[in-house]
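There is one chain below, alone, in C-alpha cells, taken in the form predicted on its own.
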C-alpha cells in the first residue's frame, strides 16, 4: 500500500504527463505548476476606505456588499432593476422509484408575454415532513436526467451533441436518460433528500445570440437591445433563474425551503457559486469542476484563462470582464472573494485529477484563501496544501475533494455532497 506521500507523488507524475498531452493540444495554455506567475490576491477583509474588517458584524454590514458589487461590476454583472413577474403552475405529479418518491413537473413562467417559460422537475421522497433538497441545472433537458417516459422532451434550443440525441439544436427521444449517471435519483432519495433540476437553456440559450432570446429581453428598458456594461451575461441570468426555482421550492409543501442546496457542474458550477453568493437563502453552495470564472483563482492563469473564456464564451459574463483578458492582476477581485460571499453559509468545492483545464489546485486555493472571512464565523482554517485524491477534507462550513478521473460529476461526487449536507443538518 502506498503512503499518503507516495500517493501524492504518483498523482503529481500522472498530472505532469497529462499536462504535456493537453498542452500539445492547446498551445499557449499553461498547465505546468512551475510556470504559474507570481501574484498577490486582493485583500478580502480590507474595506474600500482602507480600514479592516475584524468582526462578522462588520463583514455583513459593510464589506460583504463592497465585495459583492465588485464581483458584479467586473465579472458577472448586476441583475437589471426592472421587475419581471414569475408564476408557477403544477403541470403533473406521479410516483417514481417503485413508489418511494413523488415526481412533479412545474412550469415556471417569466413575464406577462407567452413563450417565456421553463420546466422544473422536482423529485422528493415520500415523507411525513418536508425534506431538504438539492437544486441544479442540467445541460441537455430534464428528459436526459432519467429514463422516466413521463418526463417531457425539452422543446427549447439545445447545444448539438455528437450523438443522435440532438439534431438542428433540437432534442429528441434518443436523448432520454443519457445523462442519468450524473443524476443519481435513487441514492439521493434514499438518503432523505429531494432533487430538483431544470434545463439551463430554458432560462437562456447557451449561445452568443446577442441576448435576443431567453430572459434578457424581458428586462430591457425602452430602446435597449443588449445588457449594459455592468449588467448580467448568461451566468448571471442562470443564477437568477435558480433563485426563481428556490421561490417555488419554498412554496412546495414537500420541500424544506430553508434547506435547499444549489449545485452545479462545469459552467453550471460557476453559476451555482454566483447564485449562492447572490441569494443568501441558499443553504449550501456546491461547485463541481467549475474552473475559470468559478472556483479557480484567475491570477494563476493555469488551464483556462480569463482571456480564453471570454473569447470562446463571450456571452457568459458582463462586458467589463474581457478588459482583464491577459491582465488578471489588474482585476479588483478574484475567486476567493466569491467564496467569501457565501459565508457564513456552507460551501463545497470539488475537482477532478484529470481536469487540469479547470485548475484543481486553483479551485482549492480559492476556498482556502477564504479562511479569513470564514474565521469570523468560527470556522477552522483550511491548510494551504490540498488533500490527496479521493480524500475529502471538511471543516465546519467548507468541504473539498479532488476525485480521480476526468471532467464530470459522478456518484462519488454526489456521495460527498450528501454526506456534507447531512453534516450540516446535524448541527
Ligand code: GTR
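Numbering follows the first chain given and starts at 1. Bear in mind the structure is a predicted one, so any value in this text is a computation, not a measurement.
Another form, the form predicted in complex with ligand GTR, is not on view; read the next lines as being about it.
Residue contact with ligand GTR in the predicted bound form: residue 419 places no heavy atom within 4.5 Å of it. Taking the partner from elsewhere, residue 183 is found to have every heavy atom lying beyond 4.5 Å of ligand GTR in the predicted bound form.
Ligand GTR is not drawn, but in the predicted bound form it has a heavy atom within 4.5 Å of residue 309. Residue contact with ligand GTR in the predicted bound form: residue 139 places a heavy atom within 4.5 Å of it. Only one segment in the set 127 to 135, 102 to 110, 329 to 337, 261 to 269 has any non-hydrogen atom within 4.5 angstroms of ligand GTR in the predicted bound form, and it is 261 to 269. For the candidate set 283, 313, 211, 199, a heavy atom within 4.5 Å of ligand GTR in the predicted bound form is found for exactly one residue, namely 313. This chain lacks the partner; the member of 357, 157, 324, 219 within 4.5 angstroms of ligand GTR in the predicted bound form by a non-hydrogen atom is 357. In the predicted bound form, just one residue of 386 to 415 lies within 4.5 Å of ligand GTR by at least one heavy atom: 407.
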